[in-house]
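This document opens with one chain alone, in structure tokens, the form predicted alone.
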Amino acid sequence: MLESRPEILSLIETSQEYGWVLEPDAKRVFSLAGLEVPRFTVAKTLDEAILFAQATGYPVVAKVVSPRIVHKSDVGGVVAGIPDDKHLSEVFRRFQVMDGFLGVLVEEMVPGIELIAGAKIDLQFGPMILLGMGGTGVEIYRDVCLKMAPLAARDVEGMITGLKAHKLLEGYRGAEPVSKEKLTETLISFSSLVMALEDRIESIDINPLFCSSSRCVAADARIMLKKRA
């Protein structure tokens, strides 16, 4: 993959100084690897943020972009459901004073069930892929399945049915089911990316991965890099 996608390798290399890939670049990596990401921009000014939000349509999500803030939620650096210019202005100004501020990622709101997809490079088994129920409750419910990469369609099917809450994905109580085809495509593409970056990464997390009857969208992206000797 890296040979055919030099842009991916370039984004990884330029992120090495931080030890991790800033979310806008991580989402570009995902997009190049065939995963769907939300429409987004990185606004350096308030005017840029407002123009994008108006063109995309409110509500939107805003996230601080800073090489010194890995866990944005821990410092209040993520705000979802921003309804208008006034609230976006307030959020932008609050983010501006955060440590290492480089800009504000503004993106569309994406509907769907919150899942988590992740990967770690295990010293014994190599790349391991995780699928689970996502969102803020992921560490409480711990409803996840693990498989060794690379993934095939049958592996993804086993991971889905292995979740305790898999009925939520099948259209529980009249809700629209998640597209298993889109989810399978997403996880196989994700698995291929992880295999290609195996020697360069420690872990990758997508939380949340919003899945609906028509889309599976990587709404958050974190790529942690291996330290060079």
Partner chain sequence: MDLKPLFEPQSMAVFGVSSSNDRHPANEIFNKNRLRYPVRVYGVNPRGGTLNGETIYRGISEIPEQVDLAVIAVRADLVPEVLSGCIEAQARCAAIISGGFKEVGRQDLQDRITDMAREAALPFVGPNCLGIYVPSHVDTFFLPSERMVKPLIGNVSFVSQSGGILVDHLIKFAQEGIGLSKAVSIGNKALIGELDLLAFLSDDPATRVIAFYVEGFGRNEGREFVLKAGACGKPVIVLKSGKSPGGSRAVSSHTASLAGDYASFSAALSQYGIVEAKNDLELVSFCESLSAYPKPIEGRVGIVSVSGGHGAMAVDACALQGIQVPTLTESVQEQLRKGLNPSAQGIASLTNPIDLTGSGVDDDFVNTAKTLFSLDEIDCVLALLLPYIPGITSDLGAKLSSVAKQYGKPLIAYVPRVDKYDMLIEGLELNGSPVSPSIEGAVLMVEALRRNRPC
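Numbering follows the first chain given and starts at 1. Model, not experiment: these values are computed from the prediction.
Omitted from view is the form predicted together with its partner chain, to which the following refers.
Although the partner is absent here, D205 sits close enough that one of its heavy atoms falls within 4.5 Å of its partner chain in the model of the complex. At least one heavy atom of R142 is located within 4.5 Å of its partner chain in the model of the complex. Looking at V106, you'd find every heavy atom of it more than 4.5 angstroms from its partner chain in the model of the complex.
A residue is said to contact a partner when one of its heavy atoms sits within 4.5 Å of a partner heavy atom; L115 fails this definition for its partner chain in the model of the complex, lying far away. Contact with its partner chain in the model of the complex, defined as any heavy atom within 4.5 Å, is confined among 30-38, 55-63, 181-189, 197-205 to 197-205. When contacts are defined as a non-hydrogen atom within 4.5 Å, none of L11, P24 and A26 contacts its partner chain in the model of the complex.
Of all the residues from 147-177, those having a non-hydrogen atom no more than 4.5 Å from its partner chain in the model of the complex are K147, M148, A149, P150, R154, D155.
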